[in-house]
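Only one chain comes next, encoded as structure tokens, the form predicted on its own.
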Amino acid sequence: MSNADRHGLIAKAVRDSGGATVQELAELTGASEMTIRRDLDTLAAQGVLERVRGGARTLLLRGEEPPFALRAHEAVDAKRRIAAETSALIADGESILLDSGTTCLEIARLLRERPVTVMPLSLQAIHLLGETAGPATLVVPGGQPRAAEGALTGPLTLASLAALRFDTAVIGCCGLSAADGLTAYDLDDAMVKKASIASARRTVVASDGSKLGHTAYAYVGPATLLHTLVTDTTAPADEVTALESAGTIVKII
């Protein structure tokens, strides 16, 4: 098991149970207790969890959005497969609006090698697309980054979206269901997602299956706004069927 996979498993175990001991995590991962202690120190430094005597406990309150640092360790392989499929849906020469979030960051890694125009809505993706000269054209929006997230929000972001039109908006997903539509944890983020959808000819949602059937706090819009959903095999079959019945093309990788 790689370090990244082990860190992801540890982060998920601590989040799901509220806490775990070094011994429990060593049994779960098959690693030594010394390795687990180093892992916990690393994850604590990243703000993923809190280190306590003999183990770790979650920093996440019930119903709160998991922090970026924690989400970055979750379902990494699935996110990369979703990113590859999403990138394949985009033609050379397109203008792309790229939402914030960990899956969209993986998409940015692929788009920087493509002759496309990209306006990212997170500091992480802006940095990634701007750090090396490549065929992709970077457009930087205005806005105020959310603490620890890097997602751009506020009136300057909304003004940037209103001033432009894109071929495709690639949206990250906090919650999506056929009944409740697309939802977000943060009201400002929901406003940005809504404006993103309005500024594009088509909307592609890129999300691992854990977000399907889940409803977050802030409403973005009905599922009928979505052209395509790219997800993985963990997506609930009933939700996939319901979304397809509502007119969304669902691609499962």
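The shown structure was predicted, so the numbers you read here are calculated from the model rather than taken from an experiment. Take the two forms, find the largest set of C-alpha atoms that superpose within 1.5 Å, and that set is the rigid core. From 1 onward, residues are counted along the sequence shown.
Keep in mind the form predicted together with the DNA is missing from the figure; the text below concerns it.
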Indicate whether the candidate residues N3, V22 and V52 are all in contact with the DNA in the predicted bound form, with contact defined as any heavy atom within 4.5 Å. yes
In the predicted bound form, the one of M34, A45, A198, L187 near the DNA [non-hydrogen atom within 4.5 angstroms]: M34
Please run the contact check for G30 against the DNA in the predicted bound form: heavy atoms, 4.5 angstroms, yes or no? yes
One stretch from 224-232, 207-215, 190-198, 37-45 that, in the predicted bound form, holds residues within 4.5 Å of the DNA by heavy atom: 37-45
Once the two forms are fit on the core, has A195 moved its CA by at least 2 Å between the shown form and the other one? no
Core aligned, does the CA of A31 move at least 2 Å between the shown form and the other one? yes
Honestly, after the rigid core fit, is A44 moving at least 2 Å at Cα between the shown form and the other one? yes
Since the Cα separation of A44 and A147 moves by 3 Å or more in the predicted bound form, tell me which way: closer or farther than here. closer
Work out the direction of the Cα-Cα change for T42 and A147 in the predicted bound form: closer or farther than in this form? It's 3 angstroms or more. closer
